[in-house]
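A single chain, nothing else alongside it, follows as structure tokens in the form predicted alone.
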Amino acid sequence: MKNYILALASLATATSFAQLTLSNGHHVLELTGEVSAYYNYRELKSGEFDHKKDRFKLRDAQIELEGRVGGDWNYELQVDFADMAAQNNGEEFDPENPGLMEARIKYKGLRFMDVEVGYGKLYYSRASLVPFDYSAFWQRAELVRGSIFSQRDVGITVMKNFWKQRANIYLGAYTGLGEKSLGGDNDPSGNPEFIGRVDVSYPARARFRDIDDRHSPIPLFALGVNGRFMNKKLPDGEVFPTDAYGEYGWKVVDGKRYVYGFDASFMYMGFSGSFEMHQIKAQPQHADDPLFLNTTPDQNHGYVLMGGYVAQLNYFVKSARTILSARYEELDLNDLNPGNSQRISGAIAYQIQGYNAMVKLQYFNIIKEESIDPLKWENQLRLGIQFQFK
């Protein structure tokens, strides 16, 4: 009976815009969620007439459960019903926002490290680790949104923090199939992907956030480096699961793939900014691999590169409860193809009730694009609202 009284007391003290918490003294469970929707409008190129992307869209319908059992165990389960419904109706898979977002447990009983097992966000790329809820944008930059390298996967991560949490190390092994890992089996190579990240901040601990909503009176700086490696040489006649290659053919490679990343960020008096770059080197095992773009071994030397960078600036107008953000991104999808793509985006977010109720407006502009990735539009506008119960 005592446990039920504690649970009811927790519910009774919950207010609007606050998470619901249940506890029996040993096990604490927090229930949160989010609903967000927007209207999307595209300015098409000359000669294009298909306006199907001019529509209202339900982006999120999420439920998240986070729990703590004693002092050693944490767990998290997060589901997005909007994307589950879209995929069930044959819609395109969105790597940035899949149906199942988190399903993992963490054990903190070892003094020398924490261990995390299950499915969820990978500790690679600062930009992809910043929660969508704390951004003025409706979409991450193309380089880090999950269409080039995976954001989520099934595996194990060991982590350790130092220097009063100012420095962190993450090391992990995963299937390497990213969001497709939920299909069950690994690819025929059977090999995993290995990922590592190290980051450090000064003079205080930094979080994965874009906006300086606290107007930090002392400048805060953070640096991070990360890398990932896979060797997935397929046996003759075998192929990867459907859609595992991703939109641009880089998420998995029939051969070796190396990815390197670097990021830097700062916060001070409402201003914040970040810079992030990534480079991929692939060594496909077959000379006719699509990544070689029909070039000869004398031309490609047995490898192919891609990479890009993202730069972002923000300012939080505290008196007006408004976030102003601007982002520039450049992407070279294949060094064997001349040219690169360039995009610029601006965003404004007005906080009705902090991040829990926020109106967001984002403008996209395509400055330049590569011939291997032609788009049908030049400008895009999204306006909508996000609501969280946290």
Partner chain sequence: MRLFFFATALSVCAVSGLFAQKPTQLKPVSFVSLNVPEPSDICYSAVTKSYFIASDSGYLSETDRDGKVLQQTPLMVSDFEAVATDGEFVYAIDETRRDVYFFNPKTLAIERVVNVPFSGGRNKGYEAMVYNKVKNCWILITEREPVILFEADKEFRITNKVDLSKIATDISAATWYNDAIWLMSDMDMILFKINPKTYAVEGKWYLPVLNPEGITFDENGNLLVTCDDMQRLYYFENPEKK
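Values in this document were obtained by computation on a predicted structure and should not be read as measured data. Positions refer to the first chain, counted from 1.
Heads up, the form predicted in complex with its partner chain isn't pictured, but that's what we're talking about next.
The shortest heavy atom separation between residue 324 and its partner chain in the predicted bound form is within 4.5 Å.
Residue contact check for residue 68: one or more of its heavy atoms lie within 4.5 Å of its partner chain in the predicted bound form. Among heavy atoms of residue 301, none comes within 4.5 Å of its partner chain in the predicted bound form. Within this chain, residue 36 is remote from the site of its partner chain in the predicted bound form, having no heavy atom within 4.5 Å. Stretch 68 to 76 is the contacting one of 280 to 288, 255 to 263, 68 to 76, 230 to 238, since its residues have non-hydrogen atoms within 4.5 Å of its partner chain in the predicted bound form.
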